[in-house]
Structure formats: structure tokens, C-alpha cells
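The chain below stands alone, shown as C-alpha cells; this is the form predicted on its own.
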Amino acid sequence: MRKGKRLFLAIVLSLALIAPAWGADTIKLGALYNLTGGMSSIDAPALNGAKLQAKLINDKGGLLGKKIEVMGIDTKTDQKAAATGAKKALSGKVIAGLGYGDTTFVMAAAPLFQEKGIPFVTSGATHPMLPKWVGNCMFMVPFGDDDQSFAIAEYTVNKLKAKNVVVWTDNSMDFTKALSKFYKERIQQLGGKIVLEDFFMMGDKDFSAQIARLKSANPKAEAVFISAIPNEAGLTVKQIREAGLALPIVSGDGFDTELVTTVPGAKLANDVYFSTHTYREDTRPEVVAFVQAYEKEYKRPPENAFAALGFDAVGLIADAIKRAGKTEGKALREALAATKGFKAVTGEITYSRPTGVPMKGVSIISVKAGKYKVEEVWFPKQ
């Protein structure tokens, strides 16, 4: 072997011994999100928020002498891809998983983390039974669907003065079915009436049949509640307004997407109301700092509350790591379960309920002439 070649190999080997393997000196988080497909308008901002939080922590020196690495995995709004993504993350030796704005995808991925005793934190899935279904390694950043459904139901009856309500439900998603269930329950408790129920499936593009039945509802509908994910949110608003119906359209956080205004356009995006995670127009220092950091990093404001929820998910895990002093699964799970008073962007998080779902404020957002406005913040009763 020539002398020059031997010298080159010696340098390469010495560098390999000095430098750790890729990712070996990092705290790795598996971030599972649907960056393409029907959930992308809420999951992509959530991943951006998660990466931003990791960057800010790393800029301050990281955790336990290491940097946080957020491994973003696109599961393409496909349940099989969600399970495959979870296996990929776990094979990459992550210390925790996070992700998703929908219960169906969490249920495809989180049980695999539970089997390994590794915590999974959902940034946006809101079914209140998730911790019970998955197990003690499952944690939620957002409120439960029961809370947000009750919030928008009370707004429907008390503020919009609508008591005869039509309910449309995406019958393909656990989240949308749960949202409608709790909404109907609260409407009826408040003396309202569900005058008609209708259904559709994720991916539907033509709502003319549902609109025809909405028009002929007897008694006449005073509001329509649409339990949908983002793709159908924009389409339903557009087609209802194009059909000449001016009644209020109400929903949950599946409507917290720019598609509600961009698909129908500003003129038709009117008298829409939805419940979502508290942060818009909030002056708390956590919110102000987040919005400024997001705009600096991505050259645009946060698209919706899911960006803040992704940010909070990484912050919640980081807070637990600090308190645990280690990243081992059992210690990290116990630290997460003991979280009290964590000041997240989307509201303070304490796991005090037996269900493991945090009690947080719910924002009611109105959309009028394409403009968003916080109408009120609803808080669950203890």
C-alpha cells in the first residue's frame, strides 16, 4: 500500500474513533406526522413547531449535555404507513414518540411504543379515551373531544341561539365520530334538538346530497355541525355557501386550517365557528415568544394551533427529561405522568384527571369574510 493511501486511511480511522456515530450523541424523538394527504394542513405545521422547539433548546445547550434530534417521518395519511413509521422510529432508538392531529393514526402507532415501554405524546389527537386505550405510556398535549364538543355546543345554543341543529359526520374517522357524539349529547342537555344526522367519508368531494337534505330538514335547521378533517372542512363550507345557505356552520378543531378560507374564498368563508386550542391573540409570554420564533424561523406566522401543539409536545418531553435527569423509558414515563403546571403555548398542562387528559381552555374562533377572530375561551368545570 502506498504511503499516501496509508496516511489517508489512518486519518479516516482516527476521525471515526474521535467522532461519535451519527445520532449517537443526541436525544432522538420520533415525530410521526401526515405531511402529505388529507391531514397535511395540520400535521405539517405541527412538525415545524416540534422542530422549532428542539432548535431553541439546542441553541441553549440542549439537555443532559446532548442535543435533541427530531426525526420527522411522513406517514402519508395512511394507517399502515403510520404503523410502519412507528417501527422505523423505534428501530432508530428514539427515547419518545410524538405526533398526529388525529386519533385514528395515534392508535395505529402509539401501541407499538407502549409495547416497548417508550412514551408517546400526541400533539393534536383529542379522543379522551386515548390514554386508556393505549396504556400508561400515552400522553396528550391537547384537551379531550368531550371538552371541545361541549364548548362549541354551548356556543351554538347560548350565543348563536340555534337549537334545531343538523349534524354531519365523517364516518371514517374515530376523532370525527367522537366529536359528533359529545356534541349531540351536550346540545340535547341544553334543550336543543338534532333535527337530522348525515354522513360522509374521508375523501368525499361532492356534498350535494347532504346539502339537499339540509335544505329540507324539518324543523328548519338553525345551524349545521360538521365533524370533519381539514380537506373536507374547506369543501363543505364552499359547497354549502354556493348552494345559497347562510346558516351558521360550526365544528371542532378539524376546521382549524387555512383551507376553511382558501378553498371557499373570503366572500363565502362567513359565519363559521369552531372550537380549537387556545393561543390565537393570546398575550401570554409563552404565546408571544412562540409566534416571534416561528415567524423568524419559517418567515410566516404559525398556520394554526397545531404548530403550537407540536412545539408544546417537544417542550413537554424536554421538561420531563429535565426532571427525570435521564431518558430511560420508565423514568421518563413517570416524569411525564407527574407533570404539573407546565406552561405550554396552548395552555397550562397538569395531569390531574384520572383519565390522563389535561384540563385546558378551549378557544371559540369565528370566521367572517375570511377573517379569524377569537370570540371567547371556554374552560371545563372541575
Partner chain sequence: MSGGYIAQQIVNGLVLGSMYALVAIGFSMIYGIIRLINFAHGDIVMIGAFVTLGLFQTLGIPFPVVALAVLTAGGIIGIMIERGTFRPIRGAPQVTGFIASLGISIMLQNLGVMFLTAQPRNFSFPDYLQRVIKIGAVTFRTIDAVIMISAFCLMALLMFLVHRTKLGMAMRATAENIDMARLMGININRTILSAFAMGSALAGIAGLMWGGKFGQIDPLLGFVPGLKSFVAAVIGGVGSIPGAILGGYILGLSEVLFVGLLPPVYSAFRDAFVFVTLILILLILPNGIFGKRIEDRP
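Computed from a predicted structure; not experimentally measured. Residue numbers count along the first chain shown, from 1.
There is another form of this protein, the form predicted in complex with its partner chain, and it is not shown here; the text below is about that form.
Interface membership of residue 281, its partner chain in the model of the complex, 4.5 Å heavy atom rule: Result no; residue 281 lies far from its partner chain in the model of the complex.
Would residue 286 show up as a contact with its partner chain in the model of the complex if we use heavy atoms at 4.5 Å? Residue 286: no, not in contact with its partner chain in the model of the complex.
Residue 155 near its partner chain in the model of the complex, any heavy atom under 4.5 Å? Contact check for residue 155: no, nothing within 4.5 Å of its partner chain in the model of the complex.
Can you work out whether residue 246 and its partner chain are in contact in the model of the complex, taking contact to mean some heavy atom pair no more than 4.5 Å apart? Residue 246: no, not in contact with its partner chain in the model of the complex.
Heavy atoms within 4.5 Å of its partner chain in the model of the complex: which stretch among 103-111, 286-294, 272-280, 238-246? Correct option: 238-246.
I need to confirm a contact call. Of 91, 79, 189, 171, which residue comes within 4.5 Å of its partner chain in the model of the complex, counting heavy atoms only? Comparing distances to its partner chain in the model of the complex, the residue within 4.5 Å is 171.
Just to confirm, with a 4.5 Å cut-off on non-hydrogen atoms, which of 161, 215, 116, 132 contacts its partner chain in the model of the complex? The residue from 161, 215, 116, 132 that makes the contact is 215.
With the distance limit set at 4.5 angstroms and only heavy atoms considered, check whether 41, 44 and 200 all reach its partner chain in the model of the complex. Verified in the model of the complex; spot residues all in contact, yes.
Even though the chain is shown alone, can you say which residues of 261-277 have a heavy atom within 4.5 Å of its partner chain in the model of the complex? Heavy-atom contacts to its partner chain in the model of the complex: 262, 263, 267.
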